[in-house]
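There is one chain below, alone, in structure tokens, taken in the form predicted alone.
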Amino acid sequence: MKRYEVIVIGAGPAGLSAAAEAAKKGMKVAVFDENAGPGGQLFKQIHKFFGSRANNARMRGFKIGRKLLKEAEENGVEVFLNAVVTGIFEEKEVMVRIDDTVHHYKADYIVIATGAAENMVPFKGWDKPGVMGAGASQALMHLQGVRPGRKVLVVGSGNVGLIVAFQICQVGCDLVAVLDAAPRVGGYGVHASKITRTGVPFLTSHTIIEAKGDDHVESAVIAEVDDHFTPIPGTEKEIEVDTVLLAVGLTPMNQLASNAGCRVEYQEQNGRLSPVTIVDEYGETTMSGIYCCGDSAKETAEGASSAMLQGKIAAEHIAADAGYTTEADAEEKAEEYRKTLDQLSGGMFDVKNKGRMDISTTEEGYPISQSLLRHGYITAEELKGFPAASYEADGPHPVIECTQNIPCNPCRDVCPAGLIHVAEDITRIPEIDYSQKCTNCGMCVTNCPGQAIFIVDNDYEPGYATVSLPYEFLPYPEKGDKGKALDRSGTPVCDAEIVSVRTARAMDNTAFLTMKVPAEFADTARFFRKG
């Protein structure tokens, strides 16, 4: 029986972070994961992360995964893949099946970081080929290089649904609509906006009734719902799709915690009971020396950035308990991580605000766009008054259409002119320093995780303006290409011509696309469609 000081179950963001942090302190650490590749959900995530520089903001998920793996390897962590942990027993003995052999390991401390599983919703035809979870579609696209379908309907408008919906467009699928039974978009408005301006509609207060087809999905029947989420008779509509992606939440995978004797309680989440492992402020369960962190320990999944911090907090506590660091040093570091966690979970989308429908203004007092909540885009009239969205100047200048309190500040960090300001509390709305002049470098546009920044030049040439926007669809347009400019709702509004396409390593595969439009459309043109 081989012995480790720390055994981590799960090689996702929480598990790898805990493992690397414990190993840095000098502890002997092993990580077991049932998958063929480490990294958990990170290697499915091609989008840029929100947050601050300290927690990997503007870095793509799969690159964060590589970074964590390198950190773990450099600190001597042993990672076992295709290793299924089948049970945790007395005295922290762990049984693991690797290939066809069962192995026994012993640990002083165990960290359970097994993540969460996708929820499903039953409806007629939900078991047909073509109905799948949003995470499964990400695995097809980003791990296997396979498009999940041709015409796709996404059900669920939380951040997972919005991120996957945009990626569906990026791989060339026809995204028919994003549907949600709630009366408003559930995720970040900036995520919704970058979908809507490509021409994809949001159908809030709608649900799916049936997936039709003989041996695979050929169409979907949807309907409006009332205030009690009951389908309204007579509102049914059939739409042609071959794929239905469900993004309707996650359930913690805490079977191993329960098996080990840790206290697990069922708590209500979005109308269903969800198992939650009870942990203290360090992630330690009711079983001494057994910790649980990341999505497996939360009633509501908070994402990879939060999971990484939770893993580090657990590792600090373990290292102090084992004598590898002092309790004072461990608590100081843990408190730093908790402060960052508070920032990442703050703002309008704080867990404590989940399900609230009465939030009508931002923390600064700006009215929250009802069009954004209902339809996925903010109107020009609603943008007026936001400090960085109504900014005008001679020559190129940024227009920042970030109108909700979300934890993010890369725009501030990458601006070489110091033009953009975000308060120390990174959930605050961005502002612009009017005394500084924009250099038109494009860094704020291409590094904004929400793709919510544009550079507008009202004086490009007589009768014409330019609008520069972030663009992540291949192939990139070329200089001289002509087409249509779309507004925030995805409606074509005018002719447009590409005058510049810029890319750079610092832009990380987001093109800085500049299109020429008639001057009167400078405030409305927000996307380019060739042809």
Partner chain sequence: MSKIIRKAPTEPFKPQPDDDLIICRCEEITKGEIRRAVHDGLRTVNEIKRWTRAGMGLCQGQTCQRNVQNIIARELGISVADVGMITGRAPVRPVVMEVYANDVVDKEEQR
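Source: prediction; values computed, not measured. Numbering follows the first chain given and starts at 1.
The discussion below concerns the form predicted in complex with its partner chain, not included here.
Heavy atoms of residue 122 reach within 4.5 Å of its partner chain in the predicted bound form, making it an interface residue. With a 4.5 Å cutoff on heavy atoms, residue 87 counts as touching its partner chain in the predicted bound form. Contact annotation: residue 227 falls outside 4.5 Å of its partner chain in the predicted bound form, judged by heavy atom distances. Although the partner is absent here, residue 360 lies well away from its partner chain in the predicted bound form, with no heavy atom inside 4.5 Å. Comment: its partner chain is not present in this chain, but in the predicted bound form one of 208, 256, 160, 400 has a heavy atom within 4.5 Å of it, namely 256. This chain is displayed alone, yet in the predicted bound form one of 278, 380, 232, 273 has a heavy atom within 4.5 Å of its partner chain; that residue is 273. Of the stretches 452 to 460, 310 to 318, 232 to 240, 246 to 254, only 246 to 254 has residues with a heavy atom within 4.5 Å of its partner chain in the predicted bound form. Contacts with its partner chain in the predicted bound form, taken as any heavy atom within 4.5 Å, map within 87 to 105 to 87, 89, 95, 97, 99, 100, 101, 102, 103, 104, 105.
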